[in-house]
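A lone chain, given as structure tokens: the form predicted alone.
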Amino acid sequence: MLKVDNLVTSLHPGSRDQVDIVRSVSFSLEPGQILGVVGESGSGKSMMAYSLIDLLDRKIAITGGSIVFNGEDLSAAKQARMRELRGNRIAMIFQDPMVALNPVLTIGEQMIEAIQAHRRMSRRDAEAHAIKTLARVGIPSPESRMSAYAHEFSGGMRQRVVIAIAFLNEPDLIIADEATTALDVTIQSQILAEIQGLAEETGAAILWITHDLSLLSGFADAVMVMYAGQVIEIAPADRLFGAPRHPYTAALMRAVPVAGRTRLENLEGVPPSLADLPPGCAFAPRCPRAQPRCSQNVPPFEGDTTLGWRCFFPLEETP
């Protein structure tokens, strides 16, 4: 349903100051699949996602690769076509619902507008569909909440509204960028369960972006780890959590609090500046397994878009 091949997104494209901030990213998504994307701040997760739906600053552009969505290359699509797709076949869930929701319109008005922008549907039918969708994401008394404003909802309920709007037109792909980061753990787990159920029910594929690796355990079908604008590991979730191959993935996992773990391990150093990358492997300056080869040559990606890693000296695979 979605196949991204060697995607490159650059700041100041075509100039002497060009900086590649998404570097040769490749992955694929099937209907109903949940792919988690994880990495530290500045790893390129969000920029990669915004590239998929052309929500880029004027100083940033796609400079290489392809984004094939249901057989159509979106990297060559015009703005008019992208407007047809956004909110319809591809939906986005942002981190802050107060930014995503209009404070001066009722929730009902915003939902009806989102439906009628892409569907030929009467206002009465659009309202009924909106109420039904609010109920699906756990909003109590959805009929009465249609006339409420965003500030009248709690943080968890606002995020549920944003999720409902994303699912309104039954999109093929939903991109969630740190969508539950601001919520407490209990509400977060409830929303993740609701999204899993909606993905199974509607067949929508989910691209879930987060800095929290532990959140993806039991939620994502597969996990993609990014560092310095590149994919450095991708694998089915159970395999990645059971036997990570890249040292960076393993370091992230050792920093996650889990039952029985008495001490968290700190990953020394900071990610490199994309404008001044070190020679060789970008992770080499922080890697405990680095050898001279790592600081001289860029490791190739070993594997494919479902299972692979970018490392000269990967961790041993558990038998």
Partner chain sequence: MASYLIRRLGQAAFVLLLVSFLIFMGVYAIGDPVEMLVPPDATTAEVNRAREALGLDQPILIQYGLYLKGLVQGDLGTSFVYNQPTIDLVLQRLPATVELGLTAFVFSLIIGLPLGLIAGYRAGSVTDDGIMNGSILAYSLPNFWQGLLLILLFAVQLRWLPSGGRGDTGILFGIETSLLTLDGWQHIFLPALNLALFNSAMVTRLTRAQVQQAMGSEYVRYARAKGISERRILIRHAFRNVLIPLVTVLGLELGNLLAYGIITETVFNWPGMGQLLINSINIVDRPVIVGYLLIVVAMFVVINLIVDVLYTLLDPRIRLGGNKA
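Positions refer to the first chain, counted from 1. Computed from a predicted model, the values in this text were never measured in an experiment.
Keep in mind that the form predicted in complex with its partner chain is not shown, yet the notes after this line are about it.
Of the candidate stretches 104-112, 213-221, 185-193, 124-132, only 104-112 contains residues with a heavy atom within 4.5 Å of its partner chain in the predicted complex. A heavy atom within 4.5 Å of its partner chain in the predicted complex is found for exactly one of 207, 162, 240, 137: 162. Scanning 234, 228, 92, 179 against its partner chain in the predicted complex with a 4.5 Å heavy atom cut-off leaves one residue, 92. Its partner chain is not shown here, but in the predicted complex it comes within 4.5 Å of a heavy atom of residue 50. In the predicted complex, its partner chain lies farther than 4.5 Å from every heavy atom of residue 74. Within this chain, residue 83 lines the site of its partner chain in the predicted complex, having a heavy atom no more than 4.5 Å away. Among residues of the shown chain, residue 145 is not one whose heavy atoms approach its partner chain to within 4.5 Å in the predicted complex. In sequence order, 55, 57, 58 are the residues of 53-67 having a heavy atom within 4.5 Å of its partner chain in the predicted complex; the partner itself is omitted from this view.
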